[in-house]
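Okay, so here's just one chain, in structure tokens, the form predicted on its own.
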């Protein structure tokens, strides 16, 4: 890699979003999702699954107070992934082992929101949560309510399963976001104390372990960027370097012997530098791959970046849904084998696509290649937005590409497929993850190096950097039009991504096309107009994907479309798109000519030519599906 090509993303303070599409969504997150989640964390949403999150921090604070008074607290078993009223004492920890992370993600979303929209009342609520959290921290810096409440003697004894380092990672990210928004260092100071403990605990001459669920690696890099403390970066690198080495640490930890065949789940089957395929739990995977890209950049490590590129290629070209969803199987919430992309069994967790966006941005910071921002766009506008209802008060954990409601209730293989969004989840990683991503969208639009400003996403913004001030006006989703009003502070190059879906485009200035970007030399103030042709397209899938033989998907611009029973009646599998569909587009909806196959009443009969009748087919954006009650849905349609 050439260090001069490395890029950094612009910080939120340098980017102000003003976009007709995203303003509406970010306002839903700010005014609905964040307040809703505030109540959910306190178990105040009627009919929703309990969180126990704040309750656990209050319990842990009481334990810490007892310890300081010299009173030995009760101990409870640390032996399962989920604790509830039916399987543990009422005074013990409740929820999933990673429950603490939900409040940290909420605080991170609040921090990003406050950077864009100061809100003293919201800040006060976050400060109250931070006080409760910091009161639960042990004097040595340790902070994980599962172990503080249940058994302090067992900390760092089950890295493989029980998520202390994962919880720490989200604590750091929440603390950094909140500090940058408010200047309040209380949670950041606590996070640094926990980080210092981790650095003093893990290393070559210490515990040679690494996280079971990755994210601490990314968080330590961010903490290094903020504080300049090299130990944080070195510990992140240690976690990468140690992962997958033999003898396997998880065997040592659990006093077992294996050949690593069961460690694909946490990407610990072989050292990261030797990995070429995306395997295991999809969220863990993209969090690891993101950290690998971070470390590759920080240490100019070509070997590690080479592994990142191989894994990226495997995801983009063999394991990603057209919607940007990843993780095809419910078994382990995991990547499946190459080209195994079932529509009606898809897991495609919201968090996994969010993690894919993290990975994409870091790859874009290492190498100029529009594919990274293309995938970021695909995941952002489709799977990520699908994860939230139009009112921001219900959520999808899983984002399938085909839904038959009766199958979700009667077929055990499809119980994970929900035909309507849920109010909340006991394992509630997705809603706060979604809120923090959308609140931090400004960090995913631009990257820059010494000479070039890269436009990766076409979102209406006002940006300020040492090179330029730019006002971007975007009608990208509706008409593919974007305009740039540029105030040039010093000569630079503006690089505009040419979207993968666009065959025809015009740019009002002379440009050079390279690596999927149009490079324009800027030496004076000027206006630039761009138009990407957003025609409706019919997209086929590789014939190696068995689920989609004889089927196609309909797209327009970055949006994938789907058909719903509410518009097209039951038995969507009987619809066929005409060879000449005569697409009509109006107000976000696509209409097409097609056919409905007449139903066969006999289960089996002699083959005869299929009987069809003409019909009109209505397509809606995929991210809108499921907002009109329980009904069938399909992305792919016969042709």
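If you're wondering where the values come from, they're calculated on a predicted model, not measured in any experiment. Numbering follows the first chain given and starts at 1.
One more form of this protein should be noted, the form predicted together with another copy of the chain, which is absent from this view; the next part is about it.
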{"query": "In the predicted complex, residue 41 touching another copy of the chain (heavy atom, 4.5 Å)", "finding": "no"}
{"query": "Residue contact check: residue 537 to another copy of the chain in the predicted complex, 4.5 Å heavy atom", "finding": "yes"}
{"query": "4.5 Å heavy atom contact, residue 32 and another copy of the chain in the predicted complex", "finding": "no"}
{"query": "Partner proximity in the predicted complex: residue 53 to another copy of the chain, non-hydrogen atom cutoff 4.5 Å", "finding": "no"}
{"query": "Candidate stretches 398-406, 145-153, 244-252, 455-463 - the one whose heavy atoms come within 4.5 Å of another copy of the chain in the predicted complex", "finding": "398-406"}
{"query": "Selected contact from 345, 562, 176, 167, since only one has a non-hydrogen atom within 4.5 angstroms of another copy of the chain in the predicted complex", "finding": "345"}
{"query": "Heavy atom within 4.5 Å of another copy of the chain in the predicted complex - residue from 552, 488, 199, 368", "finding": "552"}
{"query": "Stretch 596-620 - residues with a heavy atom within 4.5 Å of another copy of the chain in the predicted complex", "finding": "597, 598, 599, 600, 601, 602, 603, 604, 605, 606, 607, 608, 610"}
